[in-house]
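You are given structure tokens for the same protein chain in two forms, set apart as structure 1 and structure 2.
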Structure 1
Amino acid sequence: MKLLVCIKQVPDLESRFKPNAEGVWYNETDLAFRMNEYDEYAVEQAILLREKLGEGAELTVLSIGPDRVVEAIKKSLAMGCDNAAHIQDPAASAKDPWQIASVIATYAKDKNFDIIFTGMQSQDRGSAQVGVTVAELLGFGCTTTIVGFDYDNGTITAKRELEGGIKGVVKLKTPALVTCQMGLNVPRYPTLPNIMKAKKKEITVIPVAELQAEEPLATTTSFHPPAKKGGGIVLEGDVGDMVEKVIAILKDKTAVLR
């Protein structure tokens, strides 16, 4: 069985974001990058299945982006993926979801993957459509935002998370693609011996030009902070002073403290 997991490297979301020179995405200077959180659940689920299947199964991790994404790829290899494909694209962040999905589908189409795992969305772009679009382009069955996954003899049983805590249970036959939601599993930390072992694993580098043919379907015209709604009070400084101020405000503005 052949498995693929697609990951993205994203900035630490606690960072302060400034527009880049074109004003359409963030400036990468001073940002620390790591694996997209939803993708960690996808990697973990793919590895759990890889371990269950044992010999004869192969798990590839794929990431599109500049050379910095190799760090996220190495983490996936240290967690337990067998090998990797780095689709080298310094301009990946300027591509729309359709182009990214097309690149992945072009890479995957002649490789006979049985199951593809992705995160449900990226934390930076948040378009929540690359995984589903890849499935459509490949003609794979697909379900989204899964919080439960089981595989047996060509059939996936997945639990989708719906609004209000309700879940929907679905079955689908492979080949299939699933997009993973937080809480699906507990992603492992790579151990030192596995980090050492991962250094020997193969990372195939493919220039994006070999896979990219599609033009964008949507374009970003501006990247900016939200308009401040105003009205909110911001308190900074000494903790003791702030406690006094908050108590005074609560007494003044709410009926809950007297």
Structure 2
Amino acid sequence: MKLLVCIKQVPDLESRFKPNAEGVWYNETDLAFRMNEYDEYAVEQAILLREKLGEGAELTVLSIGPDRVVEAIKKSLAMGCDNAAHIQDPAASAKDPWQIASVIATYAKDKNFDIIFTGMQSQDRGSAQVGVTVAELLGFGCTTTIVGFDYDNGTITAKRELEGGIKGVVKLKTPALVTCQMGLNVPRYPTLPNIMKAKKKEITVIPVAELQAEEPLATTTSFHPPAKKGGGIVLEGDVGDMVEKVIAILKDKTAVLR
């Protein structure tokens, strides 16, 4: 059985973000990067299935991006993936979800994958479109936002997170694609022995030009932080004095006490 898990390297959310000179994406100069958190759950679920299936299964991890994405790929290999494909693309951040999905589908179309795992969405662009578009392009069954997963004899049983805390259960035959929600499992930490083993695992590097033929369907025209509004007021002193100041501000600046 052949499995594929797709991951993305994204800026760490603790980084300080500012637009680049073109005003269409982040300035990456001072950013730290990590594996997209949703994708960590996808990797863990793919590895759990790989372990359940045993020696008859093969798990490939795929990532699109510049040279730095190799760090996220190596982490996936150290977690338990068997091999990797790095679609080398220095301009990946400028591509829209349609183009990214087309690259993945072109890579996967002749490799007979039975199940493809992706994160529900990326933490930077947040479109939640790539996984479902890949499934459509490949003609795979698809279910999204899964928080429970089981596989048996060619059938996936998945629990989906719906609105209002409601869960839904779906069954679908392979080949299929699932997008993974946080809480699906507990992603493992790579151990030192597995990190060392990962260094011997194969990473196939493919220039994106060999797979990319689609023009974007959407382009980013501007990228900017929200406009700054009036600042807050910090009150200091005794409680009684601060209460009087708050009342005075409410009377002067708002209609609350009028």
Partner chain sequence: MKTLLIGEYREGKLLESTYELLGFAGELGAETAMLLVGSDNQLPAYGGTLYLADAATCGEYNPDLHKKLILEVVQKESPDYIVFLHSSYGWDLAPRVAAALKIAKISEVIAITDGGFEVGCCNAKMRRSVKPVTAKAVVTIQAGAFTAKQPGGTPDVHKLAATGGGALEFIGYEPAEKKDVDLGKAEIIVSAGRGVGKKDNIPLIQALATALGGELGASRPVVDAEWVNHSHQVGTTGQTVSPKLYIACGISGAIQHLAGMKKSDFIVAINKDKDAPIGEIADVLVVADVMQFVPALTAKVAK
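Take the two forms, find the largest set of C-alpha atoms that superpose within 1.5 Å, and that set is the rigid core. All values reported here derive from a predicted model rather than from experimental measurement. Counting starts at 1 with the first residue of structure 1 and goes up one by one along its sequence.
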Panel number for the form predicted alone: 2
Once you line up the core, how about residue 12: does its CA shift reach 2 Å between the two structures? no
Superposed on the rigid core, does the Cα of residue 237 end up 2 angstroms or more away between the two structures? yes
After fitting the core, how far does the CA of residue 248 move between the two structures, in Å? 11.8
